[in-house]
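Read on for two forms of one protein chain; each stands alone as structure tokens, with the labels structure 1 and structure 2.
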Structure 1
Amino acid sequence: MDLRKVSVSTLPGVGAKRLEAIESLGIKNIYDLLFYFPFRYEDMEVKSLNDAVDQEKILLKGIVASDPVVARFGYKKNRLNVRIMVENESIMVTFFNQPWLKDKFITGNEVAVYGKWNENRRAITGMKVIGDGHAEDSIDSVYSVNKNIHQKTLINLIKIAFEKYSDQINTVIPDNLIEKYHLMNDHDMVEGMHFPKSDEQNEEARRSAKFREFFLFECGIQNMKYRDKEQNVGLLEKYDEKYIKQFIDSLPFELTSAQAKVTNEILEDMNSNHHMNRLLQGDVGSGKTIVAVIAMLASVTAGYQAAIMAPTEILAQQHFEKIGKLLSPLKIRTSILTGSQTKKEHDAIAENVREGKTNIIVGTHALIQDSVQFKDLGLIVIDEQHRFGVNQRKNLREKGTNPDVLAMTATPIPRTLAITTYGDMDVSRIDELPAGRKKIETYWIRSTKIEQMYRFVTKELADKAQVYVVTPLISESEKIDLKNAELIFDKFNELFAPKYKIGLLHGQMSNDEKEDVMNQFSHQKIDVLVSTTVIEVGVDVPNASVMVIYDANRFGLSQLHQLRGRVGRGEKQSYCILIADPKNETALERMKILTSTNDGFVLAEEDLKMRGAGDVLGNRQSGLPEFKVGDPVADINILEVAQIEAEEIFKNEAIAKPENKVLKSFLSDEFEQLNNFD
């Protein structure tokens, strides 16, 4: 029997109204009900009277000292009083409106009562009796309920459902895994989750439930991944190998071996009819752009168009210029599409794109407008992909017939997310920086010591350094940020002009103005660039070597690491100075971590721990699935094992074997839902 097809109304006492109440919790059938697990447990350990705290809950064990008395008062109201002997003291126990409990108190028998302690009266207002003789420690399950249904009602229903259907609970996890990881079968697990008799039993049940939840989720991802691969639905981009090799040889630098490795991985994917869905991760400054350019060029030599989408206009503009410079001798036609172009400009560019006259299109999210259609899109590159929402990425993918996708990010993907959110993607990692880079030295100072920073900047400017000064993110309001930036800009002018040129960059400037300032900075006509966070991602001016960040405690770890990554891109020793007055432990901790490591991976893991996955990746847009029992961050070890086992089952088509029959049939229904997961 498939319990997912059995209605809760098959339980005694469940009519239309109760059914509706249950459904409001998202419980649609007996399976859902049995797997609606408590979100926490109340530990009901028997305590000594010495440990009793006024007005707090406690479980006391004693001997019933007298027959209980039920007194009625008012309409339908009553009170049950009984005395029990606890550690030679007579304690008064009172229950309101539960007269039937009197049967549980039999003089001379042992009993345990859970309730609220009143220190003054040496009395307890009872909430629960744990009956005669069984006054052992117990664990109370607490469920998440809403106004339509009580805890007690729900617990009772689960009990009844378990009694009625427990022998129909099939274990979906294959036997060999149950054995290998010492898991409980589904029957025992359900029992141990709802009605644990001991902490140990509950622990084991929880571990099993977490594995089960992660494993089934990973099966969904693996199914999607292998189906994509096996159905050969991708584009075959037969690129010109010789041409690409020549291009690589003509670059002003040699690719690092990590860049060469990932380039090969990407080109191999493109040159096959597998659909490429690849994530390219490399720390800030590791040189992802050139890898993307090579891939785009390959796509063009195979007769397709390629597009690259960047999260800011400044970055799109920078890419457009660099790509143009690299590719113009090759007669590759490139163009740029951003939101600030006039309709006339936009239409002219869009027409060329539609007619296939443009080979490579650089843009912001303006690329995903309906007015932009491609003739033959072969490859999409999404730069700083974590800055885009799931839907924006999807919209771009739908522009062609299954174009290959290369998503790039500097934010290292913590293991948790690599396995969940990005589980269906192949990952390429650039794990080394170009040769000759020096470690960025990071210092943290309090704002009272700001003079030290001015002195340091003076010294560095004299040494021909270029300096970024990032101003605080006080609020979401650009206006307020701007005011801050202007104040700091004035201060730097006062200190350093006219000997040095100070520039100002912020989000309220027009595109042309921004471009002009960035150009002056990259051509060393501006020495100090005071900026809001518009330069946070991607900006590449190798000669800049000092990054000063005001009010650094207002930024998250990953953001600070991104900002810091704007320097350390050339051969000059680079510095990052954080000005911050941390107001709490966490903020202080962040400063300490930043000054102690440059390793983006370590920082991302820490960030995830401190803020939670949603925040790091932009809330729900991250696509991080919500798990019911498992916590993908805290339970990463179980998650990893579940992922490996799920992959094993799909990779070798073990899913078709008879021993996995139960799993397979369970999943085939479940996939309907999982496939909607992007």
Structure 2
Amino acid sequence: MDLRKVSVSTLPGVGAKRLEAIESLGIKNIYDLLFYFPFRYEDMEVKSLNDAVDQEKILLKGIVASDPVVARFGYKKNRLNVRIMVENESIMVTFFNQPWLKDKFITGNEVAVYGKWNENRRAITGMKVIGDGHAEDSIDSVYSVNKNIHQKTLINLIKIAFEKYSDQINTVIPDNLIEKYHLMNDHDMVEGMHFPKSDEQNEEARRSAKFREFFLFECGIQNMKYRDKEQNVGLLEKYDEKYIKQFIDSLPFELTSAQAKVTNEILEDMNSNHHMNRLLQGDVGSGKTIVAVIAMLASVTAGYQAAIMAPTEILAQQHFEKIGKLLSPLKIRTSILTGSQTKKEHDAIAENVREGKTNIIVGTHALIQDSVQFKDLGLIVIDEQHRFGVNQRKNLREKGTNPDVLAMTATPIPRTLAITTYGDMDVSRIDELPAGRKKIETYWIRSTKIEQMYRFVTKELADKAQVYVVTPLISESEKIDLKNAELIFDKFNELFAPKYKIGLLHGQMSNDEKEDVMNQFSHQKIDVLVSTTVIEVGVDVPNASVMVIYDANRFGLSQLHQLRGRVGRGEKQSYCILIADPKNETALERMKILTSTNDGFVLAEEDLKMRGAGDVLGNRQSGLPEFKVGDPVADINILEVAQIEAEEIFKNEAIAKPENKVLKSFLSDEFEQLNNFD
């Protein structure tokens, strides 16, 4: 029997109204009900007063020492007070807005109360009186419910469903994995999750449930990945190997071993019938752009066009200049397309792209406009890919016939996100910096020590360094006490002008104004650039060696690391100075972590732990699925094992083997839902 096809209405007492209430929790059938697990458990073991911890939820057992008194206060509010003797000490018990519990307390009778302990008052705020339906020294399951259905009702339905259908619970995890990882079968796991008889049984059930949940999800991801390779027959880009080798040898620097490795992985994908869907991740300054240039040049030598899409005009312009400098001597025709161009400029460039006169096109969102058509698009490079929506990336892919896709990000992807959000992509990683790059020295000071920063900047400017100064806001806000760009711009002018030129850059300036300021800074006509976070990604000024960040505690770790990465790109020793007055332990910890490491991958992991995926990448783009039991951050080790085993199941069509029959049958109905995940 497939419990996913059995209605909850088969249970006694479930009519149309109750069925609707249950469905409001997302429970559509008996399978959903049995796998609707508790989100926490309450320990019903009686505690001694000597072991009670302040604000801890505990179970106390004693003798009722006074008659219960119900007193009213406020509007329709009341409190029930009663004293019980616990270990020869009189303890006050208070229940709010539960006057009917008065009958549970009879002077001289023994009673057990579960609630929150207050050490100072030597009192307990009661949550429930332990009696019918509870057993002392047991574990009570607590479920996520809503106004439509009560805990007690849901628990009762789960008990009835388990008694009636438990013999129909089939184990979907293959036997070899159950044995290999000492997992419970699905029947025992469901029992241990809902009705644990001990902490040990519950712990084993939760571990099994986490693996099961992650494993089934990863099977869905692997199905997408292999189906994409089968259905989307990729372009066979037979590039000129000799020409590409000559180009690499002609570069004024040698590729790092990590750059060479990922370049080979990408070129191998391009020279195969498989559709390339690869994520290239590398820390700031690791040299991803030259890898992308080599890939685009290879596509051109194979007779195709290549496109690179960047999230901002500043970054697109920098890519265009870099690519042009590298490839114009080779007679490779490169163009740029952005939203700020006139219609006449846009139409002329678009026509050259359509006719194939342009080999490589650099652009922003303008590339996905209907007016832009390619003659023969072979390779798409999407830079800072998490800054684009799913549909934007999809629209660009549809400009060609299954073009190869290389997504790049300088925001290191934590392992959790790489396994889930990007699980359907092949991942390449540049994990070393180019030779000669010095470690950026990072310091944190409080705002009371700001004079130290001014003295340091004075010394560095005298040594012909250039300085970034970053602030969260553009202009003064009465609501938020943050340093703002205009105020800081005035302060630096007061301190350093006219000897040094101070520039201002922010998002409310026109594109022409921004470009003019950046060009001046790039050509060392501006010494100190006061800016908002528009310089976070991609800006490359080798002579800039000092980054000052005001109100650094207002930024996440990954964003601070991106800002820090704007310096350290030349031969000079570079510095990052964080000015922050952290108000809590989390903000303080962020400052300590950033000053202790330059490794973006370490920081990304810590940022994810501290803030969550939605804040790290933005809620709409984080893509991290919602798991019911497992926490992909805290349970990363289980997630990684689940991914490895899911990959193994799908390799060489192992999913079709007899030992995976139950799994395949189960997944066949689930894939449609999993395949909607992007």
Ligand code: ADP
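Bear in mind the structure is a predicted one, so any value in this text is a computation, not a measurement. Here the rigid core means the biggest group of C-alpha atoms that line up within 1.5 Å when the two forms are laid on top of each other. Here, residue number means position along structure 1's sequence, counting from 1.
Note that the form predicted together with the named molecule is the one shown as structure 1, not structure 2. For Tyr114, the Cα coordinates differ by 2 angstroms or more between the two structures after the core has been superposed.
Comparing the forms between the two structures, the C-alpha position of Ile360 differs by 2 angstroms or more, with the core used for superposition. Fitting the two forms on the rigid core leaves the C-alpha of Ile58 displaced by at least 2 angstroms between the two structures. Summarising the core-aligned comparison between the two structures, the C-alpha atom of Phe374 is found to shift 3.5 Å. Core fit done between the two structures; CA of Asp347 shifted by 4.4 Å.
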